[in-house]
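Quick setup: one chain, the form predicted on its own, written in structure tokens, and binding and motion questions come after.
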Amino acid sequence: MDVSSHDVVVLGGGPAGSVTASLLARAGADVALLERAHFPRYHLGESLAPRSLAVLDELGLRDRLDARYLRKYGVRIMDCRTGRQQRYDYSEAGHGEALHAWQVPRADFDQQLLLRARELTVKVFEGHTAEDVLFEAGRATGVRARLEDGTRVGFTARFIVDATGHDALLATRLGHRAPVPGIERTAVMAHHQHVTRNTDDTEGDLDAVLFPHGWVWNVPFLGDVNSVGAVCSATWMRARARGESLDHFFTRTLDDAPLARAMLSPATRLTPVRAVTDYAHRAAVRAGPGWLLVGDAAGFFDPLFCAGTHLAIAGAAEAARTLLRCLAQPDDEASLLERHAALMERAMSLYQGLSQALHAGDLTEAFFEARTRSARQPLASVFAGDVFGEDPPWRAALRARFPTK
């Protein structure tokens, strides 16, 4: 079996893997990235948070991405049961220096990030499926991968970064992966053309429509295509009739969300309906000797807060900074990884508590009771991705009101 050696091997070429690998290579590390697919490929999670933009700036991508994607200045929450609406503008967030994000077709966005990784000298291996992470004396030391023709190849490294997304290779292998209580949800979605849109700066808003079975997203892209999907409870998914097509079930689901259905009235569906089942999970341990988890491989909760893409991009930047320190200061590895894990825990637990409250119905009144700019600031800040670092008073108040369960 052929074996190559590197400073870091990254498993997965989505945003978490590409950004981690790019930042490491940009700082001079020898990085290999293994991706089982050939890009472009479809993926869930098409809405970014403003606080991710600093990382994309660091990679020199702002102008490239701004030319390709629709700017997004806020989030609009609507409730089908009461007709109430509330808009959260990113300028209302506590740190307003990044006042917009983008709505991104993930197939194209992920391809742009992987292209940038190549430009920054990352050795990218598409069509390579990571089968196992190899350990010696309790330390991750390498990866065994399978090519599409069945050939096995090996990689050794000082660090292995698991960015395998919902597959969560390492967390599953080590027994650290667990479902998140209260978020037993399935997402069903498709792309549509000619969905009704606003014509001002709010055109790029993420629309979130609360309805009896969960919530519906409406994500507009540059041009005339929108991603529309429904995050549905396990109870509603069991209402899918035996033999009922996913397309018909999706249509029937949206019939119970009249505000979303009205937006779709002039639209044509462009893609088959897809489903992602039981997507919420988290890893109890996110780093160890020679390894680290990043992005969805460490956990995923709910797409409303754009937590998946933000933890992938901003979390990857934190991971890269930690790994560079570990490579330079090997004697301090354990304490550096411990600090990184604590930083990620604070961010992820905030998203978890809010996601659990969303699906329990406990967050609904909080969305609509905020009538002033200062009252909207806490949730606007979370929508903007202000989740890292020590808790300011507003974040501590959100944690107290919506704790993890």
Ligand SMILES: Cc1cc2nc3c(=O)[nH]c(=O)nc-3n(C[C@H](O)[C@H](O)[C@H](O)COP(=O)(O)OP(=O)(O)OC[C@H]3O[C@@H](n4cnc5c(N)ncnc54)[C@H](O)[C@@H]3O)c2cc1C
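From 1 onward, residues are counted along the sequence shown. Values in this document were obtained by computation on a predicted structure and should not be read as measured data.
From this point on, the text means the form predicted in complex with this ligand, which you will not see here.
The closest heavy atom approach of residue 367 to this ligand in the model of the complex falls outside 4.5 Å. The closest heavy atom approach of residue 106 to this ligand in the model of the complex falls within 4.5 Å. Under a 4.5 angstroms non-hydrogen atom cutoff, this ligand in the model of the complex has residue 187 among its neighbouring residues.
Proximity of residue 253 to this ligand in the model of the complex: non-hydrogen atoms within 4.5 Å are absent; the residue sits far from the partner. Considering this ligand in the model of the complex, the lone stretch of 159-167, 75-83, 282-290, 245-253 in range is 159-167 [heavy atom distance within 4.5 Å].
Of the residues given (373, 62, 346, 41), 41 alone sits with a heavy atom within 4.5 Å of this ligand in the model of the complex. Residues 12, 13, 14, 15, 16, 17, 34, 35, 36, 37, 39, 41, 43 are the ones in 10-43 with at least one heavy atom within 4.5 Å of this ligand in the model of the complex, listed in sequence order.
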